[in-house]
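First structure 1, then structure 2: two forms of the same chain, each alone, as structure tokens.
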Structure 1
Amino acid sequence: MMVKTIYLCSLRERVGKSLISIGIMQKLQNEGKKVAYFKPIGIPKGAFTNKADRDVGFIQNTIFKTTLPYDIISPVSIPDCYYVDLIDVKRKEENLGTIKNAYDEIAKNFEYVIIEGSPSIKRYTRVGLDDVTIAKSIGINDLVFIETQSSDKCIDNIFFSKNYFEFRKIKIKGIIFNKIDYDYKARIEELEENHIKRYGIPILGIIEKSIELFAPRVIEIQEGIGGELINEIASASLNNRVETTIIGAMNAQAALKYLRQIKAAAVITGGDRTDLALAALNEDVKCLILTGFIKPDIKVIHTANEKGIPIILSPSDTYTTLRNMDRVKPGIQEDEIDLALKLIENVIDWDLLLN
């Protein structure tokens, strides 16, 4: 069986390679294809204690449930920060061999292999394990490049990478624009002809930024701020996603201007701000976070119960609560991987990508 391989890489980190991998795998699986996931170099959770890469683990638990051992799916582990001293440059060939063997093992059993490259194409250049080197060593001649800038800087990134790939004698299969701002989509279409396609770089798809997917759930916020849920009746809504946060320090009238325009918000206000809490509960609010541990008026609790909106008492003041919320960094959850396909299915040129 001749395997088809898609190698995803990027110039910058956190461009959404895992999410795109999941989406592509779902698409192929739905079509009855045998598809595997491969990540040549994983980043261990603990530098020396746990070599499991977070993305690999997630994909193994969801879309790629396999009997293949972890070392085949992700054969090399390199910690995120101080790694240069840990990798013996002289052992480059040995590492590449390990990667090739693992890839060959996977490739012989599947029709498609989706390879998630390193955080960036620059990563591991010093130790000779960068994406281009790995791709060449396993016999792949073209890479799918992912770009996320919603400004004309994306053109520079693309040309910089194009020049680099030409220098390294490897091709770009095409570009996937990911996490693109709504307003910039039209601009990419405008730039496409003169600045991308004419240089022989196909656009494989433009994926709009999804606030929904990267929004934390109410329960994650509750845990993040160490809050207490005071209306158990609304606990079914703890899995709802919060897309934005509003601090309710203004009067209710002024707050309405903002509340009317928000979608899926967490509203942070004082427990004694009955006016604002009631105004908020009338809008698209996913949870009320009351700071200073002040319990709200009974009317607020009744209304929240009626609408199934959780009220969380935060032990901290507003500033600390907000800072603690910043630390809540959610990723795609296991029960919502369908969203990945939904996000990309209609915007990717599948013929170009897969053939």
Structure 2
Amino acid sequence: MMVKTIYLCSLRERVGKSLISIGIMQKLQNEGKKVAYFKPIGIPKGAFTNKADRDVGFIQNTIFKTTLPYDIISPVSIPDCYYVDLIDVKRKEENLGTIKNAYDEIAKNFEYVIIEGSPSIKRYTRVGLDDVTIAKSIGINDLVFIETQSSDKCIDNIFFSKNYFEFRKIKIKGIIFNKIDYDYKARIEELEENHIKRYGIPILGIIEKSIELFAPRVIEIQEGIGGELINEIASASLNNRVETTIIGAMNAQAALKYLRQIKAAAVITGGDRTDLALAALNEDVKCLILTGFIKPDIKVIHTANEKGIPIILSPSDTYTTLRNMDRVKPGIQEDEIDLALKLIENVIDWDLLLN
């Protein structure tokens, strides 16, 4: 059986490769195809504890239930923190061999293999385990490029990657635009005609930003900032999604103007800002994040408990808290898997992607 491979890659990190993988796998499974998931390099949360990648584990438990061992689905493990120190450049050939053997094992029994690349095509270049090197080592000569920029900067990203791929003697199979603002879709269609198709780069699809799937949950924010929930009574609301973030640094009266315009917000302010915290709790707020590890006034806790709004103490200052929040990668939940297919099914050129 000749296997067909779709290798997803990107220039930027957190572009939604896992989500797109899940959607493509569902589409193929619904058509009765035998489809596998493969992530050459898994990224465990810790360097020395559990070596499993959370996304790989999730896909294994849901969309790709298989008897294949974890080490075949994701053969190399490189943690995010200090990975430059932890991965040995001298073991490049050994690691590439491990990846190739695992891929060959999977490819034997499936019609399609969906490969989720590294966070970025730049990642692991120093140690020779970047996406292009891996793709070439397992015999793949074209990659699907994912772009998420809802601005004309996307053109620079695409052409930088195109030139880089050509230099490395590998092709772009096509581009999937993902998490795109609704009002930028028409602009991409303009750019496609005048700047993208002319250079032989097919657009495989434009996927709109989905608040339902791309907004983080309160609990993901809590974990991302290393925060402490101080009102357990509101823990049922930790699964609520946060669509926007507001920093409360002004007086309560001035803040009200912004608070009344927001939807499903996380409000970041100091634990000593009782006036602002109380004002925020009366608006559409999903969580209150208090910086500097300062516990709030009892009135704030009482009001938050009444409304079921989690209060999270952040150990960091406002800037660091916000920076850590920006790094949060929202995860898809089991009950949302069907949304992944719904999001992409009618916007992907399946003939172009699968052939």
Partner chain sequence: MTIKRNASFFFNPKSIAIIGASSTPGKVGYNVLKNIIDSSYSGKIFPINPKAGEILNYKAFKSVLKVPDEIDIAIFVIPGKHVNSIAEECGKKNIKGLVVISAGFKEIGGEGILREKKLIEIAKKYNMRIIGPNCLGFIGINYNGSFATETPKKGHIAMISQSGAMLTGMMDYSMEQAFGFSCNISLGNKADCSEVDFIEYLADDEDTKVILCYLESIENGERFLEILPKATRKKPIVILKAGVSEAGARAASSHTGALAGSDIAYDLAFEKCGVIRANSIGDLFDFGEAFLYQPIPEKNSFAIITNAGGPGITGVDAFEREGLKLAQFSEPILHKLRDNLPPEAAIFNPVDIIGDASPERYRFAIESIFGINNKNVEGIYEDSITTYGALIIMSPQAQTKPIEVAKLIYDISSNHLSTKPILCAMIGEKSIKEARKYLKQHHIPCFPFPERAAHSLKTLVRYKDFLDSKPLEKLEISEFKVNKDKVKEIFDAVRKDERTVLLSHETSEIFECYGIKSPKSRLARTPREAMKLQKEIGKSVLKIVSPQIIHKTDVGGIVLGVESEIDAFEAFIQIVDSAKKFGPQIAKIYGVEVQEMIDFKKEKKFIELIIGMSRDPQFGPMLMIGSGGIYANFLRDVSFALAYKFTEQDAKNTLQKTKIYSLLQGVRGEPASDIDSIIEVLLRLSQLVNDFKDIVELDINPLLSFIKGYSAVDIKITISRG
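Residue indices: 1-based, along structure 1. Whichever C-alpha set is largest while still superposing within 1.5 Å between the two forms counts as the rigid core. In this text the structure is predicted, and so the values were computed from the model without any measurement.
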{"property": "Form selected (criterion: the form predicted in complex with the partner chain)", "result": "1"}
{"property": "Large Cα shift (2 Å or above) at residue 117 between structures 1 and 2, core-fitted", "result": "no"}
{"property": "Core superposition between structures 1 and 2, C-alpha change of residue 128 at least 2 Å", "result": "no"}
{"property": "C-alpha of residue 286 moved at least 2 Å between structures 1 and 2 on rigid core", "result": "yes"}
{"property": "Rigid core fit between structures 1 and 2: Cα deviation of residue 321 in angstrom", "result": "13.1"}
{"property": "Angstrom shift of the Cα atom of residue 265 between structures 1 and 2 (superposition on rigid core)", "result": "7.9"}
